[in-house]
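One chain comes next, on its own, written out as structure tokens in the form predicted alone.
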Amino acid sequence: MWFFNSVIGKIFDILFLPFRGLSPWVAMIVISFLTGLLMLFIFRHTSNQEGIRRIKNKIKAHLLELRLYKDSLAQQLTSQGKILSANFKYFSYALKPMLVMIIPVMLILIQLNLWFGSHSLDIGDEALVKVKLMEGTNPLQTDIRLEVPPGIAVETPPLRIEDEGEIDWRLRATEKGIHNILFRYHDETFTKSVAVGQNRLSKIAVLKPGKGLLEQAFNPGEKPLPKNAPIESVEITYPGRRMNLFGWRIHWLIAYFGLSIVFGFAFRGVIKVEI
């Protein structure tokens, strides 16, 4: 899974490389445009285009019947029934391409969350590092030590939360850079990156996953934890990011799906896709 995540991650690293010093909106517009084209390509080659065209024409005809026979209750009910039936048929034609789209769109969303989900700490900011232990592991009896490099200061001793199976430290950012904090558990060592003072568009790995494949799939930003460590994940509480749209603070998912749909409908005629 880590090899697959690394390959996909490198592709997005290269894709976003020209936009790192620019507004996040530039990268968002580009990736949304490419996603819109991808969805059109998938829809065109996995759907029954002729069937969709026929169903849409039938729906238009039945809508016209509603206007022409508005004084006939029987005809109105018949036309509405036919419209409902045609809509179900249209949905059956659209279901296959929608199912095919799920996988690539999900992969894109997971990667985009690394770039748009959080922003790095500023110098002087504080954050928690949370070590989530595996079920059945008592944090009061687990000796995990934290070592930090210059640029990161540890503000508190470890807080061991028995009910949550968690060990927390509060950190403070003191220097700009990508800093690797080190954890020691017996003979095992592993690191977690902490981003400080990065560009407006930068890759932020909030969580370092454990050995679970699903957890690794949804958190591809860093190499998984060692298999022998009794730890499920290590998390840094970065500030959440919002896209600034004329003074409105919106979630990046809204911007992404909104732009992708707009681009998809705008270019459906160019690519000759019946939606």
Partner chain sequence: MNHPIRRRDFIKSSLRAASLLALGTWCGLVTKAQGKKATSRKVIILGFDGMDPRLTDMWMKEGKLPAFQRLTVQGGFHSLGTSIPPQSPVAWSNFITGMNPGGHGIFDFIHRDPKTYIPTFSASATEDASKTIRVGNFVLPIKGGTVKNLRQGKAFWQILEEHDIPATIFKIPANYPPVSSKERTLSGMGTPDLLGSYGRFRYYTTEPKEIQEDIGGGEVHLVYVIGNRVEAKLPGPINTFKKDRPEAEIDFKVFIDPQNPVAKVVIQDQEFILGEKEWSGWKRVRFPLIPSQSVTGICMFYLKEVRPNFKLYVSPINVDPGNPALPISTPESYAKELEKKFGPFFTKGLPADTSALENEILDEEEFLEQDDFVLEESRAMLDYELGRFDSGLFFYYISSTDQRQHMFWRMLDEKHPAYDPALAKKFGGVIENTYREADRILDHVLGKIDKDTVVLVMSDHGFNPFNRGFNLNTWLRQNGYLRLRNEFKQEDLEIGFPSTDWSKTKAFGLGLNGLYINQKGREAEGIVQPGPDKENLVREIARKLEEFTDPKTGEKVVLKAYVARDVYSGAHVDEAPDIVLGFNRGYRISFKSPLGRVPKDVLEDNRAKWSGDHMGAAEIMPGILLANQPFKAESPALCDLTATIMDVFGIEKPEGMIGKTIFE
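Positions refer to the first chain, counted from 1. On a predicted model such as this, the values are computed, not experimentally measured, just so you know.
One more form of this protein exists, namely the form predicted in complex with the partner chain; it is left out here, but the text below deals with it.
By the 4.5 Å heavy atom rule, the three marked residues S260, I271 and E274 all fail to count as contacting the partner chain in the model of the complex.
Partner proximity in the model of the complex, defined as non-hydrogen atoms within 4.5 angstroms of the partner chain, places exactly one of 167-175, 197-205, 111-119, 98-106 at the interface: 167-175.
Of the listed positions (A153, L128, L84, I123), a single one reaches within 4.5 angstroms of the partner chain by any non-hydrogen atom in the model of the complex, namely L128. The partner chain is not shown here, but in the model of the complex it comes within 4.5 Å of a heavy atom of D163. A residue is said to contact a partner when one of its heavy atoms sits within 4.5 Å of a partner heavy atom; L140 meets this definition for the partner chain in the model of the complex. Contact between L182 and the partner chain in the model of the complex is not found at the 4.5 Å heavy atom cutoff. With a 4.5 Å cutoff on heavy atoms, G136 does not count as touching the partner chain in the model of the complex; it lies far away.
Counting a residue when any of its non-hydrogen atoms is within 4.5 Å of the partner chain in the model of the complex, the hits in 135-159 run L140, T156, P157, P158, L159.
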